[in-house]
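Read the single chain below, which is given as structure tokens and is the form predicted alone.
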């Protein structure tokens, strides 16, 4: 899940003559202290360390469609999950921000002749992120920011939520240049027990590379930008536990590739990506996902 705000300001200082339309640095033009405008490249399925301005809000509405299907001993197994995630972030200081994530999900399951459909509120997340390192050079910036959060059991237990209060933490690094941005993070999810079920903990390592495709030359008259996005995510899942016993059909390792495209203006970003498993080594008879489609709109104000 992506909680990335995907925008930032207060990265570089810019001085230029508005009477001229000569090419200038993308980051310098759009992320300056003087005009307070955001970085226009953003990851799709991971996070960024670039900050929000003080007292600035960002809102992101992300939609995902996940599909998984196979046949087990001649019986069809299929899961489709449609989820909308509403993310609101607020900059407490130039380095410190807080975020809330409210998901709404619809899940369809088919196992042989058994079919179910559940919909409703998912598990809500709250987290905070603080920038601990900043290094700026002409035409580039490097940031490091840890974060910590909690996921509350607001969803329907076993249907649209896990029923447990879980915790997660991570560390993000971002290198932004005039032409491209590289975001990387390591994250650990500590899942706790609810009733007789405990979902396995998850460790993930993710990177996102965003490259400006158009326009080639940036001037003060440019209104929007097109970025190509390529993301890679490695996930290690520990086994689930049911009534204190380890579930042999759970846990494992997956590697995902997410190509995407993004269109950005000074105050909003729209993107589209497809998350594809390129390596899937799940244990036992665990159902493997086929793909996940991700699209979102972000607005900062």
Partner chain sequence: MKYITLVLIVLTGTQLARAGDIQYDIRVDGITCPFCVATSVKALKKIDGVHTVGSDLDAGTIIVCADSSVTFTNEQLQQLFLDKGFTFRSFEQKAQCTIDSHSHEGAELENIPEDHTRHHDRTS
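The structure presented is a predicted model; accordingly, all values stated were derived computationally and were not measured. Positions refer to the first chain, counted from 1.
As for the form predicted in complex with its partner chain, it is not shown, yet the points below apply to it.
Contact with its partner chain, judged by heavy atoms within 4.5 Å in the predicted bound form, is confined among 247-255, 228-236, 265-273, 62-70 to 265-273. Remark: none of the three candidate residues (120, 160 and 295) comes within 4.5 Å of its partner chain in the predicted bound form, counting heavy atoms only. Proximity of residue 218 to its partner chain in the predicted bound form: non-hydrogen atoms within 4.5 Å are present. Not displayed here, its partner chain is kept clear of residue 115 by more than 4.5 Å at the level of heavy atoms in the predicted bound form. Among residues of the shown chain, residue 177 is one whose heavy atoms approach its partner chain to within 4.5 Å in the predicted bound form. Proximity of residue 53 to its partner chain in the predicted bound form falls within the 4.5 Å heavy atom cutoff. Between its partner chain and the residues 94, 149, 200, 155, the one pair within 4.5 Å by heavy atoms in the predicted bound form involves 94. Residue in contact with its partner chain in the predicted bound form (any heavy atom within 4.5 Å), chosen from 191, 124, 184, 141: 141.
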